[in-house]
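Quick heads-up: it's one chain on its own, the form predicted on its own, in structure tokens.
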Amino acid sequence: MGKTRISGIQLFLLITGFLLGSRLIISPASESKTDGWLSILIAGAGGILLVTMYASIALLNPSRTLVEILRDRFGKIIGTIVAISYIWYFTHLAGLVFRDFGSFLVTTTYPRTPMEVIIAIFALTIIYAVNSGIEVMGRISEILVPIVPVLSLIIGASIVTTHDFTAFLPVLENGIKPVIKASLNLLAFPFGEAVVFLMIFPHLNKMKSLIKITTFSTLSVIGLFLYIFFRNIIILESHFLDQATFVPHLTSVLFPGLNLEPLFGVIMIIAGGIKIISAIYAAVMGLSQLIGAKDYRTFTTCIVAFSVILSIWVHENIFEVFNWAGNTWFYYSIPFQFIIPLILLFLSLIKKADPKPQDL
């Protein structure tokens, strides 16, 4: 990698903002209803294992990005094919978040503004941020991401107006199956998506702290997800969770005597923006390394434009997006998030265990 470096706190905040991402507009583990807290804990445990695996791959292949690791471990031809599939995956992920962002703002804040206009304006900001480089991205996360939990806590202050703090009971009322399904969906979206950071990890200035950083950021997100879940279900109760499109947003408009909706909009812009710039950076960096280009910025506008087109054309409405995220995304992501990283970890461990040839 080049000389550009980010600090441990910057990487921690980048990962935290990325994992929060567009999950903040959907109640975490909403499929399991009152047992969402249990799904969050199960998915969180799996998420820690996943991000630790990604960090271990990076540590076993120092200074190499995912694309470079793939070509080294799988060979040039197969490695290139798999790398291209990852570039597609990162671009597709960015497109989905663009759509989440656009649909949310059109539905809640700007109903008379075409979604395409909102996404296009946001895309221009993304292009500027990505082209500014990883160091600027790190500084942006350092400034903005801490705002997200603070505003979430402020919105959660409306809990004091409620009286039913047992709304999440009884436990496992609908059985274990919904809990497992919600856990798998939450594991893939967002924890498994952190595979994006295999393109970013080599920029860390002190690699020895990588596993500690990734674990702590994942734990922080698990904690915030639990807080959001309990906040939502205590305020709205379980029957409202099924009826609202953007549950966390709904809680922001229920604060007595004060409209906190703009605060939730700020949260969405920050977390969604961090997720998109991370995914786009991974895609353009990977493409430039495959082609051998000197400057990844050459491809930023093209990748962002393609991602925007995907976000608008692939799904007709937000309900199709939610259906895709809830029923298809986990299976679609299995090769990218689980199978290929496991193979890379195995091959990297084998290579490390091989004795180095002795000079004659």
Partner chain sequence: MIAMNYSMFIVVLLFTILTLYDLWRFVRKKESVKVLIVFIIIMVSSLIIGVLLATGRRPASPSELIDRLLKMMGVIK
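Positions refer to the first chain, counted from 1. Remember, predicted model here, so these are calculated numbers, not experimental data.
The same protein also exists as the form predicted together with its partner chain; that form is not shown, yet it is the one meant from here on.
With the partner left out here, its partner chain still marks one of 120 to 128, 271 to 279, 215 to 223, 199 to 207 in the predicted bound form; by a 4.5 Å heavy atom cut-off that stretch is 120 to 128. Of the residues 48, 42, 310, 59, just one reaches its partner chain in the predicted bound form with a heavy atom at 4.5 Å or closer; this is 310.
Shown alone here, residue 299 lies within 4.5 Å of its partner chain in the predicted bound form, counting heavy atoms only. Its partner chain in the predicted bound form is approached by residue 303, whose closest heavy atom lies within 4.5 angstroms of it. When its partner chain is considered in the predicted bound form, residue 53 lies well away from it, no heavy atom lying within 4.5 Å. Not displayed here, its partner chain is approached by residue 324 to within 4.5 Å at the level of heavy atoms in the predicted bound form.
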